[in-house]
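In the form predicted alone, a lone chain appears below as structure tokens.
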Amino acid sequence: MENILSIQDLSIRINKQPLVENVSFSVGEGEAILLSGANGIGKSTILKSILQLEMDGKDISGQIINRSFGNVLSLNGTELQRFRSSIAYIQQKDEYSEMGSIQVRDIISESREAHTGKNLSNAEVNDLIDKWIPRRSDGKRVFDANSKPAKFSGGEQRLLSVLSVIATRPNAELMIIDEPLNNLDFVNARNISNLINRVIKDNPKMGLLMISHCRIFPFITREIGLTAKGASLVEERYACHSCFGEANAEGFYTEYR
């Protein structure tokens, strides 16, 4: 199994204060890795550092090796943008509340354009929504191309964030997800798990690195525990909790609408 991403002796200081020290792990083809650890231990900081985001006041040593781009820490300018656009990254926070008249089509189409250079029409956006998100019991979409995210509930905003990445980067070699279930109710949490699982099934060589405190994901293959002393494999096999019901043999939940 070839590694897509290798993190080697990674240490991170923020404003000269140590946060992460001597972290090493890899993400191989077809692996779905959960990065676990206590709140504030540095999990999200590691994900952002992989993509070289929010770097002010941050001092990083070690190596972050991507098989296509080499050491990410040495990239800048065009190469860094190319690397970022090759990753399906879902950040932890949704930022739609101040977007005013911006529509769903703008969000999804912009995400698609950043990855492929192609724009999407309203009809194409609605087709993507229908492909990935089950309709409500009354037959209506959860949202459509003309909906305004600034008016969405927290759960609807989260669903849009996940959809905008998954629907436009389904063939990425690496997916990085920071807390995909923030603000989601029972129905949409199951739907998000199903969406991620569908992408993995369709692209079996994709690697996944994810942070989540909710352990409902049947597709996780390995868990890496982060502590103040570094990172190590969690020897106990990852157990998917049944608080949202039982997934089937393929790892999918029944879609409640």
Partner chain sequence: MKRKTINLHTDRKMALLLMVLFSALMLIFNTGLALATNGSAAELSILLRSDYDYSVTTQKGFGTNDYYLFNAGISFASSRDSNMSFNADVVMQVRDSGYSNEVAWNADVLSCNGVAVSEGIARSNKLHIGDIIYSKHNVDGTIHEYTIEQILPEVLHVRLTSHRSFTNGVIVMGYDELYEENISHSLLTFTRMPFNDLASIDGMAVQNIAYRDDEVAFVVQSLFPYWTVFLLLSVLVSIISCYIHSKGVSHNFRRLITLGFERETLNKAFLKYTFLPGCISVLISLLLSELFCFTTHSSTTESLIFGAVAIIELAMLWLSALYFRGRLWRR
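All values reported here derive from a predicted model rather than from experimental measurement. Positions refer to the first chain, counted from 1.
Same protein, other form: the form predicted together with the partner chain, not shown, and the subject of what follows.
Q: Taking the partner chain in the model of the complex, would Arg84, Arg105 and Lys118 all count as contacting it (heavy atom within 4.5 Å)?
A: Judged in the model of the complex, Arg84, Arg105 and Lys118 all sit within 4.5 Å of the partner chain.
Q: Taking the partner chain as it sits in the model of the complex, is Ser101 in contact with it (heavy atom to heavy atom, 4.5 Å or less)?
A: Ser101: contacts the partner chain in the model of the complex.
Q: If you check in the model of the complex, is Ala228 within 4.5 Å of the partner chain, heavy atoms only?
A: No, Ala228 is distant from the partner.
Q: Does Gln91 make contact with the partner chain in the model of the complex, using a 4.5 Å heavy atom cut-off?
A: Heavy-atom contact with the partner chain at 4.5 Å: present for Gln91.
Q: Is there a heavy atom of Gly139 lying 4.5 Å or less from a heavy atom of the partner chain in the model of the complex?
A: Gly139: no, not in contact with the partner chain in the model of the complex.
Q: Any idea which of 118-126, 175-183, 131-139, 150-158 reaches within 4.5 Å of the partner chain in the model of the complex, heavy atoms considered?
A: One stretch meets the cut-off, namely 118-126.
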